[in-house]
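Before any questions on binding or motion, here is one chain by itself as structure tokens, the form predicted alone.
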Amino acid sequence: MPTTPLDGFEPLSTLYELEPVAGEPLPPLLAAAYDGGLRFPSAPIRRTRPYVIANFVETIDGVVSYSTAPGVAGGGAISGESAPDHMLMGLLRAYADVVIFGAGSLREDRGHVRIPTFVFPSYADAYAELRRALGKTAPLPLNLVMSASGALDFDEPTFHTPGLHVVIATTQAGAERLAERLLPDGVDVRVIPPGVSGDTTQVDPLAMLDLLAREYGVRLALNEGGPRTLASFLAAGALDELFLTLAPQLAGRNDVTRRLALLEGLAFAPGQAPWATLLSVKRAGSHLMLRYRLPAHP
């Protein structure tokens, strides 16, 4: 296995770190590509749920998706299909016990499979080595689709990737709808109980995370959902870190063209908006890879 980044790939360079990264080092190829180590808490901060990180890419003006343009709803058009951004996405997936996303992400980014090698296959061996070093028994992270309605396209390759275990987190109504479908092998349907709000029409993030911790042994969860999924986690106090790639382009908006921001469906009042702590800044060309820690919640 090579120990230096592949030809044509620009590794990240570290511009700032709040504190030195201690603990087990990355495999040499990943350490060279990431320019250092990467560590997460060894146990959940709150025993009732896993440690939750999120990964997004946005333009300088805060657009995360050309959502009204056919075929470019995913993050690739925002990052410019940046190889360093893809390497980082694969790295975080390799660390994760589960990758969480919404039905909207599954629908809008058709064909995408949320496993490390899908976004950066050149580092397949390094990602696998990392998972073994971390003591993960599953070669691939669990995939969880949040779908309140249960209306999903089971032709998507997510449901047919060998070795990929998929959980559909849904409501009682969604489960009844799914009971009428013939589901692919390796797909679990789990009804998530309502949260403290009592809303039976939505999938409650905290109840879902509690189930993942108790029944699937999840300790580190990666949120790759859309802006509304991310907002629901933040509103529930269920987001510990945010990895945000800042792409050097300007997308713009107008009264006709609707483009999504990082958070949708959630607006904090002045004085109540959470402030994040910057943990690190890395650079690849004109892209900046930012890592933030979110404030703790009760």
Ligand SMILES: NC(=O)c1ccc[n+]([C@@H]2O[C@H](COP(=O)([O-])OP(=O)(O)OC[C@H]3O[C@@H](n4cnc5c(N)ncnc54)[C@H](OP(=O)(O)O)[C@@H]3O)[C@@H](O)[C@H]2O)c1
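Owing to the predicted nature of the structure, the values given are computational and were not obtained by experimental measurement. Quick note: we count residues from 1 along the sequence shown, nothing fancier.
There is another form of this protein, the form predicted in complex with the ligand, and it is not shown here; the text below is about that form.
Q: Residues in which of 182-190, 153-161, 115-123, 217-225 have heavy atoms within 4.5 Å of the ligand in the predicted bound form?
A: Of the options given, it is 217-225.
Q: Give me the residue from Arg107, His86, His165, Lys136 that has a heavy atom within 4.5 Å of the ligand in the predicted bound form.
A: Of Arg107, His86, His165, Lys136, the residue with a heavy atom within 4.5 Å of the ligand in the predicted bound form is Arg107.
Q: Quick one: from Ala213, Ala148, Leu178, Ala207, grab the residue that has a heavy atom within 4.5 Å of the ligand in the predicted bound form.
A: Residue within 4.5 Å of the partner: Ala148.
Q: Ser67, Val203 and Ser232 - do all three of these have some heavy atom no more than 4.5 Å from the ligand in the predicted bound form?
A: Yes, the whole candidate spot contacts the ligand.
Q: Just checking whether Val57 would be counted as a contact of the ligand in the predicted bound form - the rule being heavy atoms within 4.5 angstroms.
A: Within the cut-off, so yes.
Q: At 4.5 Å between heavy atoms, is Leu260 in contact with the ligand in the predicted bound form?
A: Contact check for Leu260: yes, within 4.5 Å of the ligand in the predicted bound form.
Q: Please determine whether Gly90 contacts the ligand in the predicted bound form, using a 4.5 Å cut-off between heavy atoms.
A: No.
Q: If you check in the predicted bound form, is Ala103 within 4.5 Å of the ligand, heavy atoms only?
A: Ala103: contacts the ligand in the predicted bound form.
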